[in-house]
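Just the one chain here, the form predicted on its own, laid out as structure tokens.
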């Protein structure tokens, strides 16, 4: 199969209409229909069920739609990484959310230039859901992520620092004045607990707004306390899951500049840990 064929099929799979897919691709409908039929003959399976109202995916079509998306994403990421690697001014792009570096980044940035493989570092501050996406898309080289909250599939990773959990509740919440709580205390109330419930919500502002409205209790890393609104309170959770700040990068990456950054970060994290003991 050619990338072009996969792009054609992906457009049809998303639009579920040959005409709309053709318009999106900037081509006429008949050549697109012929291309899909040719792909079906080559694979020996029906990918689409056609009707006057549009098309639906067969089970085989659903599989190819998922696989085509992965391939096209990988091709786009490879293109982005290749173009960035060929720049006259090479740089390492690091994605993170505000406050998501475990307090390590200033020391990492101070130590990194001394490494012989170091290049200029470009920081990209972004939302929680954007960090991993930027690395997978080839727009960023490495990201500060938080385990176990984020999917590290396809990434190489280096754990840096671990921290406990806090419950984020409204200032007037019955548990707000406690020195610490347990997960059972949170679950005894009628309000859902994130991320166990409503894990599809990833925007921090939306989460905090739901907490302020009394619609959600959020269990988050301790460092979240630096970012919460004044009308909210963070209470330590004694049995909350520990959160580990990790550096994550594409597992197939072979950049010497990236390897130098990871080694520097690991050394800085170890130094912080030794200082805390």
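Computed from a predicted structure; not experimentally measured. Positions refer to the first chain, counted from 1. Whichever C-alpha set is largest while still superposing within 1.5 Å between the two forms counts as the rigid core.
There is another form of the same protein, the form predicted together with the DNA; it is not shown, and what comes next is about it.
Against the DNA in the predicted bound form, the set 17, 26 and 29 is in full contact: each member has a heavy atom within 4.5 Å. Proximity to the DNA in the predicted bound form, defined as a heavy atom within 4.5 Å, singles out one entry of 38, 70, 215, 229, which is 38. This chain is displayed without the DNA, yet in the predicted bound form the stretch 45 to 53 from 216 to 224, 239 to 247, 61 to 69, 45 to 53 comes within 4.5 Å of it by heavy atoms.
The Cα position of residue 35 differs by 2 Å or more between the shown form and the other one after fitting on the rigid core.
A movement of the C-alpha atom of residue 50 reaching 2 angstroms or beyond is seen between the shown form and the other one when the two forms are aligned on their rigid core.
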